[in-house]
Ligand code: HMG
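Before any questions on how it binds or moves, here is one chain, the form predicted alone, in structure tokens.
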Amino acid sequence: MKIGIDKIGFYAPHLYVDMNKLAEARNVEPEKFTIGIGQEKMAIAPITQDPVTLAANAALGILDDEDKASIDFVIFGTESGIDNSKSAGVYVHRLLGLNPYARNIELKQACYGATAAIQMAKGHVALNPDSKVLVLASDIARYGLHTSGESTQGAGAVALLISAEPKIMALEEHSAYLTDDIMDFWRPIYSDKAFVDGKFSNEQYIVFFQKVWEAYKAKAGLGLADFEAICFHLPYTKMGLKALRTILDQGSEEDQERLLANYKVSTIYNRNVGNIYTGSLYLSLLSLLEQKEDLKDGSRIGLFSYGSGAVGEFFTGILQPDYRNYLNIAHHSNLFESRKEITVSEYERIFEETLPVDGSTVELGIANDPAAICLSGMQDNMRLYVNKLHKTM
């Protein structure tokens, strides 16, 4: 029985800041952002969007009534969760009107959370072949204004429907994974902004990739020639390229050209959204699938997941017959085209907006947010959500 990705959807806020203009405002050469780290635009989440709404909007675009009835497990991978007790997925469950007879949990291990969710979903479907699992990867990356990490912020979510006999990608058996207790990136409970040792984190990302790649080759007996493309977790788009280059000498000139060309395609969406933590690898995959029009059925795609702290994994999938027919290309294209550029000063104002932490009531202006699902306010320490399509609070 094949198990894998049956559907995949993406959502980013409708606002973005141009990285050239951010560089100018920070007295930095624009090429440091656009070439040095490989970013062009950074998605900005208004106060009416949070990890819950981003995830719900991503899933809204791909699920039909049959899916909603069949989903009996929701797994929400995030490192910017909104509650230390309640799973963010429970809110999404109600907002989307999913089958109530289901499990719903939240997973955390930095940017690796969604990969752990997919592997858990795979096991669930293996035991329950008629089930479908909704995996949500949703985050808002915040390092702070005028910080070294500011240029690698972003916001967005990816939703994946995992099922038997998937229409898009069948996940293969072999996988290699690695854990090591390091402090390259972390966010204490008391902080809404992350801390990072950038140089160390970059080094560990590459070390983890090299180790799990070698372990995978030993398990699967495959090499670069067997891959059409390799997608990476992308905190910024140059990061994956640095890792890929360390193993290119294991392949032929043809292998190198193919993998480099397809890597570039896989970064298109990420370049225009920024870092979305748990969803970054899967946004890279989505970019490859939707932007590489001649990517053939049966192609093997490698996937490298990395979550600081740290856990890494390399696994693979095979593209299924006519997979492009099941992508949501027009919807995602419209999402990108309809976004609105804001000035750096507008971005700074939005960044500093915060929700009350004293239990007071606030009503937010959701009329200015085109998303179907929004955060409409707070009351008695509870977040209030609305699905404009169903008037669900």
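Start at 1 with the first residue shown and count on from there. Everything quoted here is computed from the prediction, not taken from an experiment.
Note that the form predicted together with the named molecule isn't included here; everything after this is about it.
For the chain shown alone, G365 is not a contact residue for the named molecule in the predicted complex, no non-hydrogen atom being within 4.5 angstroms. A residue is said to contact a partner when one of its heavy atoms sits within 4.5 Å of a partner heavy atom; K167 fails this definition for the named molecule in the predicted complex, lying far away. For the chain shown alone, I350 is not a contact residue for the named molecule in the predicted complex, no non-hydrogen atom being within 4.5 angstroms. Contact annotation for R26: none of its heavy atoms lies within 4.5 Å of the named molecule in the predicted complex. Checked against the named molecule in the predicted complex, the candidates A69, L355, I35, I329 yield a single residue with a heavy atom inside 4.5 Å, and that residue is I35. For the candidate set A116, L178, I268, V196, a heavy atom within 4.5 Å of the named molecule in the predicted complex is found for exactly one residue, namely V196. Only one segment in the set 116 to 124, 100 to 108, 284 to 292, 239 to 247 has residues whose heavy atoms sit within 4.5 Å of the named molecule in the predicted complex; it is 239 to 247. Contact annotation for 141 to 156: residues with any non-hydrogen atom within 4.5 angstroms of the named molecule in the predicted complex are Y143, S148, G149, S151, T152, listed in sequence order.
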